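Next up: just one chain, as structure tokens, the form predicted on its own.
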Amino acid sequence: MAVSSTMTIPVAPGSPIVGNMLPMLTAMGEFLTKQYLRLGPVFRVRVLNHRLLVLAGPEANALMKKQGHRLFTSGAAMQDIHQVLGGDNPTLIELDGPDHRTMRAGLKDGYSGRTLYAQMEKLVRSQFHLLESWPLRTPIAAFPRVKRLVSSLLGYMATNQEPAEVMDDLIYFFRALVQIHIRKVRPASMKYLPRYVASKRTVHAMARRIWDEHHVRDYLERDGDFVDLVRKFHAEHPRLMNERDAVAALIGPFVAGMDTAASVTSFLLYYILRDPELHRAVVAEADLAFASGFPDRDSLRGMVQTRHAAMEILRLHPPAPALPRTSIADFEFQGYRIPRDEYCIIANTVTHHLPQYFPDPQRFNAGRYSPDRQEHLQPNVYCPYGLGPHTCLGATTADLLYLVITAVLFRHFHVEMQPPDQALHVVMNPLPGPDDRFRIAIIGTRYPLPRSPGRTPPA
């Protein structure tokens, strides 16, 4: 493509030493939106010694949808992830082109809701017992508890095991991986710190143990899980996934879903508990979801107001407010020359906060998604799970996790926010989430668990 533009790309103002590191660490979405409104759809930000090129707005989203596969690669931006996870060959998020399509097709069922539905009773019972262990009538910080809850559910869903003994290491390792290797807002030297080295070693050992101890099942059977699917893909495509790569792939569901689902679920609980009308609606939908026993696909889909509330959380507080990419061709965008081999940030969620698309954009309003409004269906505007060929493979699973966690919590327990008027304070750790001032308390039990189908009640 012939590129002749000589326009100078503007630079976001910042500290002479650390540049824009602080706002990129603490409020990336808000900062990128502010710079888009100030500087336009193309600008640079500085984080320590990194100069990052940002493309933002609906035009950037349209570019990613139509030409992202031709203009960008995710591999260069993510190039050492497979080594961090303990593999030899690129992971799904590092691959592009035919190899990416092959691996995505081979693993997609493992990231879909299929596994969740097949194990619904086990997931519900696991969550119920974890919630039952929380201190009664005692305010606790919501986000850390929800993160552990999500990690446990992901463990059961993906590997039929709960990662309780490595939970702290999983949480630390994931946070460091995102900050060092993906968002590049921490110095690379952090990966040599003893805590990071120890956590990585523990997580790798967990994955190896799961691989070695797993009894092979037919994935098409009801009890098949993610490990079976990875084993199958490894056997069929050894060039793309050798055994070390397969072991590393078992960490994938935790990396992809742990903080994403915990972040959105925690925000969702905050907005439900601060609004009595929404709270009543969610409780009613949770009761209906359990009306015939354990929830299934149809009963969870009936939680319409809960789902719309979660969609609004994804607009206001998207877990991935921007996408790291590297340009693989010279091209022109909005009058600027974008050179080849440029590290770029595609600020895909800037549009979430523009009033021309979402009136009063900073206000929570789940009614935006009702049939008579459907603001999210405007082209190139609502994209909380990314854009292009690397759109989040686990989006449907994440959406189901929000509904399952919410349904179990509000069906079986009386829950309060304490204090009830607590203001929301957002932190990046490493994804956006409520800080520890958002505290919830389980006041009591509403209903016991339903009996399993065919199980005879005790006399």
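Computed from a predicted model, the values in this text were never measured in an experiment. Throughout, we count residues from 1 along the sequence that is shown.
What comes next is about the form predicted in complex with protoporphyrin IX containing FE, which is not displayed.
Engineer: Want to guess which of 382-390, 268-276, 359-367, 194-202 is within 4.5 Å of protoporphyrin IX containing FE in the predicted bound form, heavy atoms only?
Structural biologist: In short, 382-390.
Engineer: From the list 166, 78, 210, 283, which entry has a heavy atom within 4.5 Å of protoporphyrin IX containing FE in the predicted bound form?
Structural biologist: None of the others qualify; the residue that does is 78.
Engineer: Given that protoporphyrin IX containing FE is left out here, which of 32, 45, 401, 55 has a heavy atom within 4.5 Å of it in the predicted bound form?
Structural biologist: It is 401 that has a heavy atom within 4.5 Å of the partner.
Engineer: Considering non-hydrogen atoms and a 4.5 Å limit, does protoporphyrin IX containing FE approach residue 394 in the predicted bound form?
Structural biologist: Heavy-atom contact with protoporphyrin IX containing FE at 4.5 Å: present for residue 394.
Engineer: Within 4.5 Å, heavy atoms only: does residue 260 come near protoporphyrin IX containing FE in the predicted bound form?
Structural biologist: Although protoporphyrin IX containing FE is absent here, residue 260 would touch it in the predicted bound form, with heavy atoms inside 4.5 Å.
Engineer: Hey, in the predicted bound form, does residue 177 get a heavy atom within 4.5 angstroms of protoporphyrin IX containing FE?
Structural biologist: No, residue 177 stays farther than 4.5 Å from protoporphyrin IX containing FE in the predicted bound form.
Engineer: Look up in the predicted bound form whether residue 320 has a non-hydrogen atom within 4.5 angstroms of protoporphyrin IX containing FE, and give yes or no.
Structural biologist: Yes - in the predicted bound form, heavy atoms of residue 320 and protoporphyrin IX containing FE come within 4.5 Å of each other.
Engineer: Scan 80-100 and note down the residues that get a heavy atom within 4.5 Å of protoporphyrin IX containing FE in the predicted bound form; none is a fine answer too.
Structural biologist: If the 4.5 Å heavy-atom criterion is applied to protoporphyrin IX containing FE in the predicted bound form, 80-100 yields 92, 93, 100.
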